[in-house]
Structure formats: structure tokens, C-alpha cells
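In C-alpha cells, one chain follows: the form predicted on its own.
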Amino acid sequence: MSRAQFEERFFGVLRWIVIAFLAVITVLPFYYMLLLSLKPIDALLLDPGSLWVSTKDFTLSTYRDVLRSTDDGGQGFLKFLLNSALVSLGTVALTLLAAVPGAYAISRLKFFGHRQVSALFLAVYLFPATLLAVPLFVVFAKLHLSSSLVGLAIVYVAQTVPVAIYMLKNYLVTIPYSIEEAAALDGLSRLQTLRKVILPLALPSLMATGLYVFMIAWNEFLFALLFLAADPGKWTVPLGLAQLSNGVEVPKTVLMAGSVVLTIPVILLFFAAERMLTEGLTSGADKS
């Protein structure tokens, strides 16, 4: 066996070992969380290390408890899901509305310092969120937006626009400028070219950026706690989950059900947009 053949077989086997290892450490925690959410608390206490659930122990009562409103004795997660969906979808819409023109301007227009603008956008993330939390809360309190979902969405937009512009810009620079020249010859204005030509071509990147922004807004905890803590009716899912984890009388099976409820929407969105997400995240990598 030649050295090249040995290396090819060795790295072929090693690749599958690494894939299997990463799959186990990724899937196993979620599987165990899902498993615990389908058990009654007494079955968990009897055998906490079990990696399966028997038919007699299988129950969906934990999910009913999590989703039922607080007036009916539940945890009110259905309301939290609605609040999170409104904030996250609003954040995605506003972020893309601001990021698309910004990314197009950086990738197409020539102005002083346009090469350094992308680095300046990313420099925003050099400042920790805790440093900005109190000043933002004071400003939004004076604007009477400190306890509203609208104010929280605006804060998320301010956080996500820089990275959204950076991601979209990396894709837009790969679109040949000749396409825009052809559109101009057909009588389209720059705005019409952006809407009718560039955006359809940039759909994979828009999908990837939108999903990334959605995940940030869906999972964010610090600003949600700061802005909404005083009004439980406007809580998002992370706040509700934190309340469950701090509750002494809340069974851990109910906590796991809440964690599954928090995770499932993002997983479903990821698989629904997997192809476009992959294309969007790898766009701009080929500079040839």
C-alpha cells in the first residue's frame, strides 16, 4: 500500500469518527432533554439515568402544563411563544429593511473609506452587551418604550444590523456588475434594479441572514430581562424558561419541556431553510 493510499484511507476513517463524535455530543443532550420532558417526575426520580421512556411512563402532561395559561394553573408558555415570535419576526423584518440598502451601498458605491466600513460595523461587537444595557434602558425609559415589545425589537435591530450588513455585503460583491449594467440599459433605475434583479439573486443570503437574526432575537435574554421583567404578560420564552429554572416547586420534567419548546422553532426553521442557509453562509468565500 502506497503512502497516498494509506493517508486516503486513514483520513477517510478519521473523518467518519469525527462526524460520529460531533453528532453524539450534539444530538445526545437534546435527546436526553426531550426524553426527560416525556416522563413523569416520579419515573425520573426512580431511574434518572435511563435513556429511553417506557410506554407506561410516556406522558405529554408536561407540555400541557408548560403551554397552559397561568390563569389555568400552567406556565403560560403559549403567550411567551407569541411574544417571542412577534419580537423575532419584527426584528428580522426591520433588520433586513435596514441592512439590504446598507450592504448594497457598501458593495457597489465608491466613497471615502468604503473599504473600512465593514470593519467599523463589526467593531460594534467589541463593546459587551452589559456595557450598553443600562444606557439603552435609560434612553428607552424616557421614550416610554422600556416595557414594550416594540422597544425590545428596536434594541435587537441595533444589535443585528451591523452583522447583517456584513453578511449581505459578502454575497452582493459576488454578483457580477454586468447584470446591473444590463438592467440599466433596459431602463431600470438603481432602486428598481435592487428590487427586481439583486434581491432575487441574493435570496440565499437573505434567508441565511434572516435566520441568523431570528436566532439572536429568539434566544436573547439580557435585554429581554432588563426591559420586560416588570411585565410578565410581555415576557419572551427565555424569560419564562429562566423563571422555571429558578422555581423550587417546578419539576425538572416541566423545565425540560420548556427547553424543548424554546428549541423546536429554531430547529424547524433551520431544516426548512437548510439549502438556502448553506448557500448563503458559504457565499463570498470564492474570490476567484
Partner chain sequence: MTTAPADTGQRRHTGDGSPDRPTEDGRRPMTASRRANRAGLAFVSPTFVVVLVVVILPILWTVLLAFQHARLVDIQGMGLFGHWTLDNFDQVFGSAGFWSSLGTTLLYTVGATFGSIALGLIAALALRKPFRGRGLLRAAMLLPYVAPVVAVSFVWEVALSPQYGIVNEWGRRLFGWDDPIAFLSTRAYEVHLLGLHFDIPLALLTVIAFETWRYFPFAFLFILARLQAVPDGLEEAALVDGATPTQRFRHILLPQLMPVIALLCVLRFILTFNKFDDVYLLTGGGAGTDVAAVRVYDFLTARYDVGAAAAQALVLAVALMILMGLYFKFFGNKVQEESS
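Residue numbers count along the first chain shown, from 1. In this text the structure is predicted, and so the values were computed from the model without any measurement. Heads up, when I say rigid core I mean the largest set of C-alphas that superpose within 1.5 Å between the two forms.
Keep in mind that the form predicted together with its partner chain is missing from the display, and what follows is about it.
Although the partner is absent here, T59 sits far enough away that none of its heavy atoms falls within 4.5 Å of its partner chain in the model of the complex. Contact check for L228: no non-hydrogen atom falls within 4.5 Å of its partner chain in the model of the complex. Of the heavy atoms in F80, none are within 4.5 Å of its partner chain in the model of the complex. Remark: G102 counts among the residues lining its partner chain in the model of the complex, judged by a heavy atom distance of 4.5 Å or less.
By the 4.5 Å heavy atom rule, the three marked residues K110, A141 and L194 all count as contacting its partner chain in the model of the complex. Screening L206, L152, I165, A217 for any heavy atom within 4.5 Å of its partner chain in the model of the complex leaves a single hit, I165.
Partner contact region in the model of the complex: 141-149, out of 85-93, 67-75, 198-206, 141-149, criterion any non-hydrogen atom within 4.5 Å of its partner chain. Shown without its partner, the chain has W16, V18, I19, F21, L22, A23, I25, T26, V27, P29, F30, Y32, M33, L36 in segment 16-41 as residues with a non-hydrogen atom within 4.5 angstroms of its partner chain in the model of the complex. A movement of the C-alpha atom of I19 reaching 2 angstroms or beyond is seen between the shown form and the other one when the two forms are aligned on their rigid core. Once both forms are fitted on their core, the CA shift for Y177 between the shown form and the other one remains under 2 Å.
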